[in-house]
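Only one chain is shown below, in structure tokens, and it's the form predicted alone.
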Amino acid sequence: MENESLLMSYGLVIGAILISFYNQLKIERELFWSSLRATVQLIAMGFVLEAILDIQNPLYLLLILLFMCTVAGAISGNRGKEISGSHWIAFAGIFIGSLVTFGVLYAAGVIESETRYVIPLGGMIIGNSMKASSLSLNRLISEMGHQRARIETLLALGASSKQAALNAVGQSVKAAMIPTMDTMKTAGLVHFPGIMTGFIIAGGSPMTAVKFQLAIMYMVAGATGITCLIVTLLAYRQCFTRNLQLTTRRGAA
């Protein structure tokens, strides 16, 4: 791909920024900086990967993945600042969700212990876990605020914090899983995933591409599901004081 073609493709981002500005959506600044960060980070990662792909020491690979989880936890935790310890909660959910998923795929032989498999697939797992964590935290805060009257009524009737927050937790997990579930529902009909498309473009067998893509989709579903559950189950507890008083106010009437 020529640099000119890449610059022209950035026109799509500029278009989205102009739409946001015209309609006063106020997301143009975040959209611009996000696209700029993605550009700089991916270019830097291109150079870094040249060196990383030569690393075969398992300890170094583990440290790289741990660093990625830490960064993901810090970014995702910002979506739940109203919740005490949101960054640690996000990190725990992302780390555990990624670790379990990675372990299962390695045991099943989907992922080999080579850097060229571990780092790209690890990044994919952690990235999707981060998105699920961010959506879970954001939706949980909103639901706890919107359902404040209901939750406080249940508490007054003697319900535990878990019983009172059960509906909000369920709604948060469902909302965070929507992108993953919709992707699986439309795969092959509307949406042709990147791994499958890239494999076919590279000249691979379509059926082999399908197998790889299914493994990736199962991986993403597992990672996001585990992460969502861990994050919401840890986070909702922080929405109550020791005296079972609800602290989250966003979305309250």
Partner chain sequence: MLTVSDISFTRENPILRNVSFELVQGEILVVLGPSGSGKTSLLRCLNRLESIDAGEIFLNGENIETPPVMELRRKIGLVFQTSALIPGTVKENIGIGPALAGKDFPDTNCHSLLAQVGLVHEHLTRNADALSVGERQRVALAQVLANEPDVLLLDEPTSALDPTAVLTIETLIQSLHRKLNTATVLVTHNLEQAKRFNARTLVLIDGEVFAEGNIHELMESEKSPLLTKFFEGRMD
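Numbering follows the first chain given and starts at 1. These numbers were taken from a predicted model, which means no experiment stands behind them.
One more form of this protein, predicted together with its partner chain, exists but is not displayed; see below.
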message: Each of 180, 183 and 214 having a non-hydrogen atom within 4.5 Å of its partner chain in the model of the complex: is that the case here?
response: no
message: Can you tell me if residue 87 lies within 4.5 angstroms of its partner chain in the model of the complex, counting non-hydrogen atoms only?
response: no
message: Residue-level contact is defined here as any heavy atom of the residue lying within 4.5 Å of its partner chain in the model of the complex; does residue 244 satisfy this criterion?
response: yes
- prompt: Does residue 148 reach its partner chain in the model of the complex if we count a contact as any heavy atom within 4.5 Å?
  reply: yes
- prompt: Heavy atom to heavy atom, is residue 158 within 4.5 Å of its partner chain in the model of the complex?
  reply: yes
statement: Students should find that, of 119, 96, 154, 111, the residue having a non-hydrogen atom no more than 4.5 angstroms from its partner chain in the model of the complex is 154
query: Going by heavy atoms within 4.5 Å, which of 158-166, 98-106, 130-138, 75-83 lines up against its partner chain in the model of the complex?
result: 158-166
